[in-house]
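The chain below stands alone, shown as C-alpha cells; this is the form predicted alone.
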C-alpha cells in the first residue's frame, strides 16, 4: 500500500456533506458535454486495448479506461455524490496515478469520448476537496506562490541565465541570452526544471540561436516558466493565472512569437487548456513547440547538420505535441537529419504509447514510482524491441518517465533531448567560435 499524506491525511478532514456538495457542484457546472459522454458510452470496452496500464497490468479491467471511469465518476453520478472518504481516496489514486490523460483511448472509442476529460473532472472535484498527492500539490503551491513549479526565486533565475550565458560563451564568444528585449522575433520560454536541474539546455539554446542568427529574448521577470502542473492537479484558477502571466509577459515584450522548450504538457497548457479557461478563442501571441522550431531552423538552412549522431537511437512521441498537434512527421525529419541510425518505434506517431509520466503522474513523486513503472511494461518492451541505445524525448515529462522505465526494467538505454544531439551535430561557423 502506497503511503501519501496528500491522500491519507486529507481524507480524515472530509465530511459526507462536503463530499456530496462538491461533487454535485462540479457536475452541475459541466453541463451538456459531460451528459453526452455519460449517456453515449455503451460500455463496449474497446478503449481498453488502447491503454498502456491495462495492457501492462495483464488486462486487469480495473486498469482499463472504462474501468477507471466506472470506479470513480460513474459511481459519483449514480450515488448523486453520496460516497465516503475511502471512496474519494481510491478515486484519487486512480485518476492521479493510473492515468496520464494521454487521450490515446479516445482515438479507439467508437464515439470519440474524451475519457481524459472525464477523469480531469474528477481531479477537479478532488482538488476542491484538497485530496491531491502531496508532491503534485507541492508543485501547484509553487506555481501559486512563485509562478514557477520548482520554487525558483527571481535572483536564482537571473543568476542561472548569466551562468549559462558564460558557459555558452566558452564555445561561442558572441553567444548571449538577451533579457527583456522588446520587439524581438522570439521569446523563448522553458519549464522550471531547466534552470533548476538541467541548466545546460539554456546554454545549448543560446548557441543554437547564435548560429541561426535569431533575434530572441528571455523574460527577466516571472512569466518565464511555461509549465503548469496546476492544470493537472485540478486547480484551474492557478492554472489560468500561470498561463495569463506567460502571455502577458510576451505581450509586454512585444515579441512576434513564443518558442517553447522541449516540453509537452507546457504546450498543452499554452496552446489548448489555458486559452480555454481564459475564454480566449486563440492565444494572443503565436506559440510553437521546440519540435516546430528546430524543424523550421533546419528546413530554412538557418542551422545545418554536419556531423550525424552515430549510435542507434529511437524516439518517444509526446502525447501533447504528437497526438495533440500532429508533429510526428516534423519530429521524424529532425531525427533522420541528426541521426545516422534512427530506429522508429512500433506503434508510432499518434498511436505511440504514453510515457506514463505526463498528466502530472510523475509529479505525484517517489511514492508512486514503482506503480508507474509497473503500469508501463509495454513501453519498456516497445523500446527494447528497437535495439536502440538512446531514446530522444522532446518533453521533460517523457524524459524523466522513460528514464525511470529504463532503470526499472534494466534496458541499458539512455535518454536525450533533441538539443543534446543537435548541439553536437550542427555546423558552428569559425567566426563565432571562442
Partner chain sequence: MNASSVNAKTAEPVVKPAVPGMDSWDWETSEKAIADLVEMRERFPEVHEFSVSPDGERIAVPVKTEDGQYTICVNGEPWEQAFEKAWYIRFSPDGRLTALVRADDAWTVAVEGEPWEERFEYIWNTIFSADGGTIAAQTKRDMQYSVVVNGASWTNSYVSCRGIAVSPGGEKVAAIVQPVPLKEADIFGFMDGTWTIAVNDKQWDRNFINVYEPAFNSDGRHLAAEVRLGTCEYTIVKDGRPWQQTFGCIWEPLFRPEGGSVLVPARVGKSWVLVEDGHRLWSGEYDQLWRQKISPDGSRIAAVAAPIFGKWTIAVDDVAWEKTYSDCVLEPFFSPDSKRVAAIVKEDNRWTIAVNGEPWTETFEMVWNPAFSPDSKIVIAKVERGGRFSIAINGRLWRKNFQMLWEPVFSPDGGKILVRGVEDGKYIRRIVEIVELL
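Residue numbers count along the first chain shown, from 1. In this text, all values refer to a predicted model and were calculated from it rather than measured experimentally.
The same protein has a further form, the form predicted in complex with its partner chain, not shown here; the description that follows concerns it.
Although the partner is absent from the chain shown here, none of 20, 38 and 75 has a heavy atom within 4.5 Å of its partner chain in the model of the complex.
Of the candidates 346, 340, 84, 155, 155 is the one whose heavy atoms come within 4.5 Å of its partner chain in the model of the complex; the others do not. This chain is displayed alone, yet in the model of the complex one of 137, 210, 314, 149 has a heavy atom within 4.5 Å of its partner chain; that residue is 137.
Its partner chain in the model of the complex is approached by residue 251, whose closest heavy atom lies within 4.5 angstroms of it.
Heavy atoms of residue 130 reach within 4.5 Å of its partner chain in the model of the complex, making it an interface residue. At least one heavy atom of residue 174 is located within 4.5 Å of its partner chain in the model of the complex. Heavy atoms of residue 244 reach within 4.5 Å of its partner chain in the model of the complex, making it an interface residue.
Judged by heavy atoms within 4.5 Å of its partner chain in the model of the complex, the contact stretch among the candidates 199-207, 315-323, 96-104, 121-129 is 121-129. In the model of the complex, the residues of 264-295 lying within 4.5 Å of its partner chain by at least one heavy atom are, in order, 276, 277, 278, 279, 280, 281, 284, 285, 286.
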